[in-house]
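There is one chain below, alone, in structure tokens, taken in the form predicted on its own.
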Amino acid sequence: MIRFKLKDIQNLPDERGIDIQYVGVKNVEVPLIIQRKDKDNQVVSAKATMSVALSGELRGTHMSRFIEILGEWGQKDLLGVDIEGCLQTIKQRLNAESARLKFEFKYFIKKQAPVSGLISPMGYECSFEGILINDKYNFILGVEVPVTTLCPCSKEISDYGAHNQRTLVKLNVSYAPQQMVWLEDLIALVENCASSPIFPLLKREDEKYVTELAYNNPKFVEDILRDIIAEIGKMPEITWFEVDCEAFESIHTHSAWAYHQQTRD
């Protein structure tokens, strides 16, 4: 059999001399192992984004190597367990100074209705993101939590009733490597700062409860944002965080929105 050596276009020099911060693959579907707080594991369907920094001297990176590395890590049952190790491999195989890996997935938690006690699974959009620059590793844990907020102004000025919104809170945190922050705890933190949590299953007695709970606990987006910041202040293990709150207004065409980012010593 005659073998021909195929030309490696990616390794050709590039005359423009422009460094690229991130180049790689996106929306790669993979099964991901998630460690639950109850010590059990949950396997979820995730979409991976993998990238490296590319020197201005090179025309391109080796896209197929990203997929190869994901496959190897998946066979070892390490996807989602050892993101730093996976990044080290990416950085080494692609000869890059920095590498980035993000998994986005839906994580399910069993939620119990407040009065009837009925249990049903509820899915939350979550993410794991690792960034490795030289030998410095940073991990970001993310959750998106839908909640109910009820407008304090509407309650105050109305003779009866008040308008409410479904509000989406996006919370991303970094923490010291020797510490552990659980998805369940971040989700509960956000829900406890809202006018009311949202449930996948409610009977009439449950609906009455959450409606009255929200009415007795009105919140602007500013209120829920500040309450979340105050609760994070009780978690010294968190070194950086950002919170994004968007209330999808029921009586306006626009949303109410608040955002905060903070680095802690």
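Numbers follow the displayed sequence, beginning with 1. Just so it is clear, the structure is predicted and the values come from calculations on it, not from any experiment.
If you look for the form predicted in complex with a further copy of the same chain, you will not find it shown, but the lines that follow are about it.
S.K.: Find out whether any non-hydrogen atom of residue 130 is located within 4.5 angstroms of a further copy of the same chain in the predicted complex, and reply yes or no.
M.R.: No, residue 130 stays farther than 4.5 Å from a further copy of the same chain in the predicted complex.
S.K.: Residue-level contact is defined here as any heavy atom of the residue lying within 4.5 Å of a further copy of the same chain in the predicted complex; does residue 165 satisfy this criterion?
M.R.: Heavy-atom contact with a further copy of the same chain at 4.5 Å: present for residue 165.
S.K.: Using the partner position in the predicted complex, report whether residue 235 sits within 4.5 Å of a further copy of the same chain, counting heavy atoms only.
M.R.: The answer is no: residue 235 has no heavy atom within 4.5 Å of a further copy of the same chain.
S.K.: Although a further copy of the same chain is absent from this view, report whether residue 88 comes within 4.5 Å of it in the predicted complex, heavy atoms only.
M.R.: Residue 88: no, not in contact with a further copy of the same chain in the predicted complex.
S.K.: Using heavy atoms and a 4.5 Å cut-off, decide whether 198, 205 and 258 all contact a further copy of the same chain in the predicted complex.
M.R.: Yes, each of 198, 205 and 258 comes within 4.5 Å of a further copy of the same chain in the predicted complex.
S.K.: Looking at 154, 138, 92, 179, which has any heavy atom no more than 4.5 Å from a further copy of the same chain in the predicted complex?
M.R.: Contact check passes for 154.
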